[in-house]
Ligand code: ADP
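Here we start with a single chain on its own, the form predicted alone, put down as C-alpha cells.
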C-alpha cells in the first residue's frame, strides 16, 4: 500500500487529487466531528504542496438516478445534499471551497475544476448517482477523469464496495490519506500486540455486528481477558439465561450465540440496571463500579457501543462513567469506535490523552478488528 505522506512536492504540484472522505454526518455535528477534523491535515498537505483537491463523499441514502443530465435536474431532499459542507469546510480550512452540483455534465465539471482559481472543490453527493453503491466501473472511470491521482481518507466507508472507494483505484495512482494511515496504524496495535489485561467493552443496540470481533478475541494469543457487556446487547445474554427483560430491545436471532458465549468465563454481564417502563435503559451503580475497577487495571482497551440509552440524561451515567474510567487510565492504549461511543468520549469534560485513539469508523472498525479484509483498503494494495 502506498501512503500520501511519502509523496514529495514534485509528485503533487500542479496535479488534481480526488480525495474520498466521509461526510455522512449530521450538519449540526459537523464542526466538531472527528471525521471532518481528521481530514483537514490531508487537505492542507495537498494544497500546501500545490495540488488541487476534489473532495468526494456520500450522505444518507437518497434516491439515485442513472446518469447526470443537465436537462433534467436531480431532485432529492435538501438533507442529502453536501452543499452545506462546502461552507463548513471553508471555515475550518480558512480557504474557499467551491461546491459543484450535478446540474452540469462531466465535461463542464472538469472545465470548472481546471479553469477555476480555487484549489479546493466539493462534488455533490455521489449516492445521487446509481453507480456509486454498485461499485460501477463506468462511474469510477468517469470520476477518475476529473483528477490525476486518488487518495482514500474515508476509513469509515472502506468496508463498502463503492465506485469511489474500490473501482476508482483501477484507473488512477492511489494512496492512503493521513487519516486512513492513522486508523490502520492505531488499530493494528490492538490486533497485533495487545498488552494485558486486555479488556473489550461492548454495548449498543445490536450484537449481530459485533459477533466477528467477539469471536476474534475469544481465543488464541490475542484473546481478551474480559468482555464487559452493556447496552441492548446485554439483553440477549439475559434471554439466553431465560431471564425476563420486559419490553427491552433484543435480537432474537443472536440468542443462541449468546448462550454459547455464556460458557466463556471472560464474559462479564451487568449485575444491576436502570429500568423505566419495563425497559432496561442503562447499567446500574454496582455494574459501573465493577466495570470501572476492571478498566482501571487494563493495559489495552477496545470500546464500541454505549452502555445504555445515553441520549436521555437520566440513562447516560453508565456510558459517562465508563468513558471517565477509560480516560483516567493513562497506562492503557484504548481504541474507541462507533459514532455514538466517539461522541460520548468527545463530549466528556475530561482531557483526552494520546494513549486514547478515537476511530472515525463504526462498522469499519468492527470489521477491521475482526480480521476481515476491507475492500477499500485492499483496493489500495
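Numbering follows the first chain given and starts at 1. Here the structure is a predicted model, which is why all the values come from computation and not from measurement.
Absent from the display: the form predicted together with adenosine-5'-diphosphate. The rest refers to it.
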Original post:
Okay, which stretch from 53-61, 25-33, 39-47, 331-339 lines adenosine-5'-diphosphate in the model of the complex, with non-hydrogen atoms inside 4.5 Å?
Top reply: 331-339
Original post:
So in the model of the complex, does any heavy atom of residue 306 sit within 4.5 Å of adenosine-5'-diphosphate?
Top reply: yes
Original post:
Using 4.5 Å between non-hydrogen atoms, is residue 92 touching adenosine-5'-diphosphate in the model of the complex?
Top reply: no
**OP:** Evaluate residue 139 for contact with adenosine-5'-diphosphate in the model of the complex, applying a 4.5 angstroms cut-off between non-hydrogen atoms, and reply yes or no.
**Re:** no
Subject >> 4.5 angstroms heavy atom contact with adenosine-5'-diphosphate in the model of the complex for residue 232 >> reply: yes
Original post:
adenosine-5'-diphosphate isn't shown here, but in the model of the complex which of 163, 176, 199, 280 has a heavy atom within 4.5 Å of it?
Top reply: 280
Original post:
Though adenosine-5'-diphosphate is not shown, can you say which of 310, 291, 121, 150 has a heavy atom within 4.5 Å of it in the model of the complex?
Top reply: 310
